[in-house]
Ligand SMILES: Nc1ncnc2c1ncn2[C@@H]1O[C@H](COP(=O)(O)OP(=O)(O)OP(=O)(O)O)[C@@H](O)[C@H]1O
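As a starting point, one isolated chain is supplied in structure tokens, in the form predicted on its own.
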Amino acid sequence: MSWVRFLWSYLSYRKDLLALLLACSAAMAAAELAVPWLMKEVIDAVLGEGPSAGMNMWLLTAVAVLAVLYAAHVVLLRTDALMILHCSYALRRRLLAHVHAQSLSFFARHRTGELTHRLTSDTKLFETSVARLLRDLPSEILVVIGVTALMFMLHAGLALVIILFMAAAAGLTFYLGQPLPSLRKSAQRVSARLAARFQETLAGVRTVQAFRNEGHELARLDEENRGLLDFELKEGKVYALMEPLGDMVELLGLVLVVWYGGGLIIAGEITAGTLVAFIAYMEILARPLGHVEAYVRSIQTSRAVGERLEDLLADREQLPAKGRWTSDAVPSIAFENVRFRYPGAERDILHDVSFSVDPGEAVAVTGRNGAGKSTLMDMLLRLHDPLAGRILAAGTDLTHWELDAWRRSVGVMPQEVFLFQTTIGENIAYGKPGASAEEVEEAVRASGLDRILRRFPEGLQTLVGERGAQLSGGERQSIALARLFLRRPRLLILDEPTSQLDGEALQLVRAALKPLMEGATSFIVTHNIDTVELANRVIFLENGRLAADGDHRSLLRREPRYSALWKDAAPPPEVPMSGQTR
């Protein structure tokens, strides 16, 4: 029944159009059922077996019925299209909002390609299947009910023979179609894995080509592709058994009606017009039965895909966002006995971390790879909540802050800067949606990006390519810095802000960071000794624990592990080539 609930949640977005569609289906069914009855009346009248009526009146009545059938069908098709488009829009919006509302742990469990496949291919397949069912199935159900009732009114014995025969055929069709839901669901799952793997190879195409592993990646893709082929071949075998059944039923039913009905005419139990009406009704009844295979396919497909989409909507990894606290002040920050472990991991990534930072203070966060620096910053941004302990901002637990308000107060510059496939100007404006052109230009000047823009004839209108592929790493970081100048956050998180810079660009960014950090509480994650000196204090992490806390120079003197960190990070001395002296 979960699929039925999901289907109703999909259709109920436009209940008004659903009601109109059902009304049109009823009108179509009534008009279609009237035609054989009119044929019976006129044939019996011509043969003198019923009341006589004017042929002209009969013709006018028949034309009026057909006009109603045509008009109702036109309105039904337009209503069906309008309803499905609106309902699919609502479903996509619901899925997009659901995915965007999840925490980072959710995305760690789901591959991007698979999520994309569900939001595009799965929703389109569900839409197509449901549209087919809505367009035809309601009127066909009403036709089956109406035909059954009218046939029993004309002759119960003949009606019973036909109904039993067709019910047996329908039962056989449903029996043959039993494997379809699991086959379709499995095929969609494999198709999603194929899409995810293909997207992964595209994202890593540089690595693939650099290692000449195209053949290896094609083999991996072909493994999923063959799995998809196997499931679809199994589906094809089922459909091959089901499709001919409709034609066989129609012809066999006609033979049965003529044989049995002819005997009833000879016995004087029915009229010739009644037999013609039975044949016509049987033809009408054979159509839905002939479509049973298609309806089964649509139902099973929509069921399998709907369950996948429902599973996605039921998969939640959201942070509680019930807090209402907000503040415009530059915040103090305090970590109190914070412990954290990623879902599914076997060990804690942070152990009992405690420290406090005053408002406006600049703190460098250092440590070897895997020490927990980025996790610490993700928790400060509240992308994760601690498993134990708490994080305070302005003296208030972060979980009590209004989540949107907190994140609007924070500015982040990640190590791997992400740029959208648009212009430099629009990527800068992403830091403050709705910013004016003057504000963007001011941020460009403040960050020193104007010097870099001189190399681009199009200036701020320069397209950056997918993920900023047209730019160097340093240029991407400079754009990210301009975003922060536009945002002017009260809490600043800089993750390796100078890792991709050298020479003049390094000096320009370091100079620009100082005014940006003024008036903000700042955290700088870095392995660069020059960047550490931008902070007046260092938090040193080792194996997820707070190993040292103090200023850079005193830690170098009194903390051997900290001193060793910079020794390891320093570049090796230049070795003179043969024949050269220093």
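Start at 1 with the first residue shown and count on from there. It should be emphasised that the depicted structure is a prediction, and the values quoted were computed from it without experimental measurement.
Although it is not shown, the form predicted together with the ligand is what the next lines describe.
- With the partner removed from view, the residue among Arg212, Arg109, Arg347, Arg455 that has a non-hydrogen atom within 4.5 Å of the ligand in the predicted bound form turns out to be Arg347.
- This chain appears without its partner; in the predicted bound form, the one residue of Tyr342, Phe152, Phe198, Tyr430 with a heavy atom within 4.5 Å of the ligand is Tyr342.
- At the 4.5 Å threshold, heavy atoms of Gly372 reach the ligand in the predicted bound form.
- Mapping the unseen interface onto this chain, His527 counts among the residues with a heavy atom inside 4.5 Å of the ligand in the predicted bound form.
- None of the heavy atoms of Glu127 is located within 4.5 Å of the ligand in the predicted bound form.
- The ligand is not shown here, but in the predicted bound form it comes within 4.5 Å of a heavy atom of Gln415.
- Comment: 364 to 372 is the region of 71 to 79, 364 to 372, 300 to 308, 266 to 274 lying near the ligand in the predicted bound form, near meaning a non-hydrogen atom within 4.5 Å.
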